[in-house]
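In structure tokens, one chain follows: the form predicted alone.
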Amino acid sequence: MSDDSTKTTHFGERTVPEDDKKGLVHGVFSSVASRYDVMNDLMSGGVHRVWKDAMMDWLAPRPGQRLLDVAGGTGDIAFRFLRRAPDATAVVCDMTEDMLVEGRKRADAERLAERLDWVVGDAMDLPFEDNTFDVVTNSFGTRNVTRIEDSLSEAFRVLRPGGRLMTLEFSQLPNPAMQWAYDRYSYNLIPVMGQVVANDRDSYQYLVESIRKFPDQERFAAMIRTAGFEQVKYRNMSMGVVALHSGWKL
């Protein structure tokens, strides 16, 4: 007999019980961890590096700041932050230990080891005290969270007063024809790349589908405001393929 009260959510195009999504997402990123960085370069033609650099330009890291990069995976954002901010420190938090293991193997991780920690943790239940960080970032991880509202509330909780949240996430193109063309590329080519490069079509099929399920720019900005952030703004990049969102805990 089914329980009609069971809450459900999406896992790509599938509807699944909320309690199952975390494990499913963990399986995806455990599977692709060893080829994750290579696939990012292939899927975006290397443009993800430009997006992440633009994130740092807007964030403008300052010396001595403490960063928490949620769903930080292999460390791309933390490395960029630390290179720009002398005496700053960073914590990369990700629920998938395999991703953190891959991050620790990178050359930047060795050079920055004294200023960098790696922590297994859930964006919806961060293992940190209140008012701990000056900056919280999330790059391409928010759409994989079961309850986005909970992850935003947790980011607000662990930020110090005056701290800043910045997220980088795939978004929606304003032109329907361009969106249609982008969807055709995403659905038809990226899973094939996943099969060839990572031997995992299904995981990349999910990642493509998850992009289409994510709230558009205005809806996501509204969710950030609801979590308590002020001065919430966003910037489209690559015509809206991705968007940078910024908010402050004031």
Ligand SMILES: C[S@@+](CC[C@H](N)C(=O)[O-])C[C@H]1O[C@@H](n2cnc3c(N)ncnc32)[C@H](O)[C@@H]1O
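The first residue of the sequence shown is number 1, and the count goes up from there. The model shown is predicted, which means the values in this text are computed figures rather than measured ones.
Keep in mind that the form predicted in complex with the named molecule is missing from the display, and what follows is about it.
Visitor: Which single stretch, out of 67 to 75, 155 to 163, 109 to 117, 171 to 179, brings residue heavy atoms within 4.5 Å of the named molecule in the predicted bound form?
Guide: Going through the listed ranges, the match is 67 to 75.
Visitor: For the named molecule, considered in the predicted bound form: do all three of V50, P61 and F81 come within 4.5 Å of it, counting heavy atoms only?
Guide: Checking in the predicted bound form: none of V50, P61 and F81 is within 4.5 Å of the named molecule.
Visitor: May I ask you to choose, among M99, A85, I148, V135, the residue with a heavy atom within 4.5 Å of the named molecule in the predicted bound form?
Guide: Residue within 4.5 Å of the partner: M99.
Visitor: At 4.5 Å between heavy atoms, is V25 in contact with the named molecule in the predicted bound form?
Guide: Answer yes; at least one heavy atom of V25 falls within 4.5 Å of the named molecule in the predicted bound form.
Visitor: Is F220 close enough to the named molecule in the predicted bound form to count, meaning some heavy atom within 4.5 Å?
Guide: No, no contact at 4.5 Å.
Visitor: Taking the named molecule as it sits in the predicted bound form, is N40 near enough to touch it, meaning that at least one heavy atom pair lies within 4.5 angstroms?
Guide: The answer is yes: N40 has a heavy atom within 4.5 Å of the named molecule.
Visitor: Would A123 count as touching the named molecule in the predicted bound form under a 4.5 Å heavy atom rule?
Guide: Close contact exists here: in the predicted bound form, A123 approaches the named molecule to within 4.5 Å, heavy atoms only.
Visitor: Suppose contact means any heavy atom within 4.5 Å; which members of 28 to 44 contact the named molecule in the predicted bound form?
Guide: Residues within 4.5 Å: F29, Y36, N40.
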